[in-house]
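Before any questions on binding or motion, here is one chain by itself as structure tokens, the form predicted alone.
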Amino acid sequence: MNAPHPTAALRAQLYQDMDPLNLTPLWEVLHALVPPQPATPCVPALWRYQDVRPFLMRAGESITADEAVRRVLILENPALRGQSAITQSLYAGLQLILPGEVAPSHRHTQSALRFVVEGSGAYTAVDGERATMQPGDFIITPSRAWHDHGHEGAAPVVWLDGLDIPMVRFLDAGFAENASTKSQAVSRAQGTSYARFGHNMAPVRHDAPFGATSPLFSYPYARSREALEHLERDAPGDAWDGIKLRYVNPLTGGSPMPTMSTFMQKLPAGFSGKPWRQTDGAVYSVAEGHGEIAIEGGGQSLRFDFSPRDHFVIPSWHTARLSSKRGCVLFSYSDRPVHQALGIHREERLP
């Protein structure tokens, strides 16, 4: 057996001697730190609602909304188990509230979105105003805003929670606070924020109530669906996205939240989309219909058939292609605003 090359021995001794000083050589890790293209550890995954729902109902029998504070089953990326993350920057979970329950009021640094998956009659209260939750509605709870949930209907309500928890955790910037009462006092009539900001108008004199977050915290599905149908009927669809719209902050035209973009799209019947990839990982909730998503990346090539209320994730820089024989409507969110703010967002629309 040949003796080690002198240079290798010198390097090994160097590494050993400097280790107590918490030093490490860049040249040993450079290619991992600065890869030729994104190399996310996340993997594509799909959660079928018919498989998840029984566990949500069992959770409803096992713990009250008051005890749990938020009765949620987290959608964990299979490659990130134990990290409460669906991508390295985003969190997703399905929350259940039962008739008569209140999920108590609290606030936190993390921005949150709700996309209603099943049921009606529940509400979200933000800063003294309630919004009744209907299937397909997109609702925001802004960073540092008091919020609680209640249910005055007759059947279970489930919604998708999307938060920037991993991002805030990475930055070590999270704060949280519980309110002294379970439900905040209602100080404004329902629909006030929509009347002020939801008609391409705004009060003449006002401050942005939630800073960089949209002052319009409830985006009803009926209006979003109407816009998609109108465009499907009267405007050409996109070869990659079908008919896709982004939700906006009406004061700025930017994303509703500073850390997350949200989208709604309709794939017409017979749609067979072209492939694309982007640096922002995206989480999808199927609002209506059936379709298929094909995803390639990380040495994998997967296809998922999806149905109403299913959820799936497309990791960063994975090539994806959507199709639908009968047509469908999809809600999605991603961390695109952060990519754009940092000037690192990249998207490729492939032939």
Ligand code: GTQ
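All figures in this text were calculated on a predicted structure; none of them were measured in a lab. A residue's number is simply how far along the shown sequence it sits, counting from 1.
Just so you know, the form predicted together with 2,5-dihydroxybenzoic acid exists too; it's not on screen, but the next bit is about it.
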One stretch from 221-229, 197-205, 146-154, 272-280 that, in the predicted bound form, holds residues within 4.5 Å of 2,5-dihydroxybenzoic acid by heavy atom: 146-154
Contact residue in the predicted bound form, from Ala85, Val116, Val72, Met167 (heavy atom within 4.5 Å of 2,5-dihydroxybenzoic acid): Val72
Answer option from Asp161, Glu101, Asp241, Glu129, heavy atom within 4.5 Å of 2,5-dihydroxybenzoic acid in the predicted bound form: Asp161
Partner contact for Tyr91 in the predicted bound form: 2,5-dihydroxybenzoic acid, 4.5 angstroms, heavy atom: yes
4.5 angstroms heavy atom contact with 2,5-dihydroxybenzoic acid in the predicted bound form for Gln95: yes
Lys182 within 4.5 Å of 2,5-dihydroxybenzoic acid in the predicted bound form, heavy atoms: no
Residue contact check: His106 to 2,5-dihydroxybenzoic acid in the predicted bound form, 4.5 Å heavy atom: yes
